[in-house]
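As structure tokens, the next two blocks hold two forms of the same chain, structure 1 and structure 2.
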Structure 1
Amino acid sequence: MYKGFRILVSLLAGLVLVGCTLTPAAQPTTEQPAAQPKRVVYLINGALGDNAFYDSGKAGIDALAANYGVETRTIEANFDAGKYEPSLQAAVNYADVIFVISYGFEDQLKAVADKNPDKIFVNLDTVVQNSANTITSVDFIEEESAYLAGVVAGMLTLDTSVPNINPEKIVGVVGGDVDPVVNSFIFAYENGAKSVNPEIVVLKKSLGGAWDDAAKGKQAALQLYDQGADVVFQVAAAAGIGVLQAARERNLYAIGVDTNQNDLEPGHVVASDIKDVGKAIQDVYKSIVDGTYQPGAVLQYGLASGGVDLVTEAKVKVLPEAIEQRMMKLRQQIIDGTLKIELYDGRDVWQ
């Protein structure tokens, strides 16, 4: 037993010595900048399967693997704070480029990025800046597409020729929680609706963080419809599918979010406000390969770059042509830069 232990110790000591002599030799190869990254990690704070935000990013990562032949890996932290930092460490050990969604875990990301200046970090959806300034942030301008959603809702509630639209000038929105991202959606949605007619009232309901409670989402939307709203915009992930079902139950209208949800309840979802994380990932990766990549930059993805959009294609179309044309005109103006959308400034949008 004791002898075995001694052998083990000497073996370990030998390994350490070999390690020490090997490391300096290996150093120069890692310091050379890799023109073409070999491995990419997609690290998300939540889990895949939202049919929306995270999945759209995954589609972008899959496209990278197909187009550039890089090895990719996706790590889901599943909102587990204890899992996030080890995941980040694992990503750094494995990959050259790390696409990361760090909402709620910004400090861990900053610390790891500062320790690993040779790795490329691309933070999606929020702006994170570390002291070494190596993190590039992809910021989506949700306000632009949410504004258009507001315009569609505002014009629809005024158009009483559409079946079941009441004369009251009321539209609604259901948010999953009170947080900066949801607030910016609601802020721009209200601005868009009021740009059609300042008398339009926007009623709001928050689910208080119940992002997975579809029954509660439906209940909130039913109340909005009963209070006179004809169109309800959902910003509530999985719970928001309940909002779309409420629209069918009351025979009224809803606006989807994150992906094209227009065919989920045919004839009741008039438009969807989409966010294309996958496109942003492909764009940034292309810049890394081209050599035009700038560490520490903040990239804005709005309507013009296709990061966000409002889509109205549907199997069963209920949105009148006139409304769609007006929306497309405003959309073009935003893309051209002739119409500037006010960005969310942190004010209380819940009244």
Structure 2
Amino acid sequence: MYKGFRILVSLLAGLVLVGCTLTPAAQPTTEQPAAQPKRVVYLINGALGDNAFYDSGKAGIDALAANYGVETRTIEANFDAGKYEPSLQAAVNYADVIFVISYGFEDQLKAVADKNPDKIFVNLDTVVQNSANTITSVDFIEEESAYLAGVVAGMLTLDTSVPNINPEKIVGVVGGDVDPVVNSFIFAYENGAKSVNPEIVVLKKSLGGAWDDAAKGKQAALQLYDQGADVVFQVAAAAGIGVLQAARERNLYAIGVDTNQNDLEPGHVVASDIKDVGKAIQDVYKSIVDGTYQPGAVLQYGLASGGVDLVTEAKVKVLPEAIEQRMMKLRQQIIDGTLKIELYDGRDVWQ
């Protein structure tokens, strides 16, 4: 993977962090961590309730509390830049292990980690390397699942036997911002769609960092549907819920992200591109407990490890069987290593 570009993810200016919320837990302490950690923090730059990325991580944190009996606390920075560094310090004062989403605040994370070598820092979804080399990074290979999302979208836009699919070869995608992670999704999604038919057009809309604005996400999707897109992929966290609503309003189709969103708008969400943050959290914590954890490692989570996936299970099935079977065949080829998916290399995908 093009790691140099992902390490520079601090360019993500759109995630300009509005209130720091602490999930109630035990009182903070400055005690040194025991051999087995007793306190875990989940620090996010956004907020819970997105039915996607952040909530997936919270499910993993809740599993740690249930399975290991550790005390946990979630700190929500609520997209407030002024609260992120104090949130990091609050996490250090309380926890032995800190799972952190540091979009736009990598420098602060590096500085705090360097000053606190006794704490375990696990950065989620991007690669961050500090001077002391103590931050472990979980890097999801989102290109693998996004490619499959593009294949599904591409096949769907060509199948006019599906209700309301028009004759035009157009699909769409709504991204929360212009940043390396979103760009990786879009890059692979477009490659997947064009692998079905090179003439397929992929229309794109960025929300400019409005990750929590569902109304803006809906407006962007409606514009894409009105331009001829049959299916729109949402890569926009909580704002993406508006994309799914737009699919229902136009009686067309969408692809969800991060968690299984297929039943949020039954009959209109044909698939969801899963990024299992919760699984990664549980896997890393297990390595801490069993003594195999390696500080400074970069852990890659793709289809083979179950870190990402494309799921079609839903109460109301939409995809024709032929599309689903084709997607599942490609999925297995990626897992087996016989199909190599091109990874994002930093190019401009918004042209």
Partner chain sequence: MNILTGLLNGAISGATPILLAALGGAFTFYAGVFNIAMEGMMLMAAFCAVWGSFAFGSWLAGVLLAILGALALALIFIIFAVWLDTDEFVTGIALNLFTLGATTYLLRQSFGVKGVFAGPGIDPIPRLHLPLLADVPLLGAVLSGQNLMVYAAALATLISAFLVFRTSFGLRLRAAGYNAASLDSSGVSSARMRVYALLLCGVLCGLAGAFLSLGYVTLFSENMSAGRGWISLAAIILVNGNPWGVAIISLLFGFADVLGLLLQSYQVPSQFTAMTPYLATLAALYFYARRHRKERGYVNR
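By convention here, residues take numbers in order along the sequence of structure 1, the first being 1. This is a predicted model, so every value here is computed, not measured.
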Between the two structures, is it 1 or 2 that corresponds to the form predicted on its own?
2
Rigid-part agreement of Gly82 with Leu43 between structure 1 and structure 2:
yes
Work out from C-alpha fits how many degrees the smaller rigid part twists against the larger between structure 1 and structure 2, would you?
10
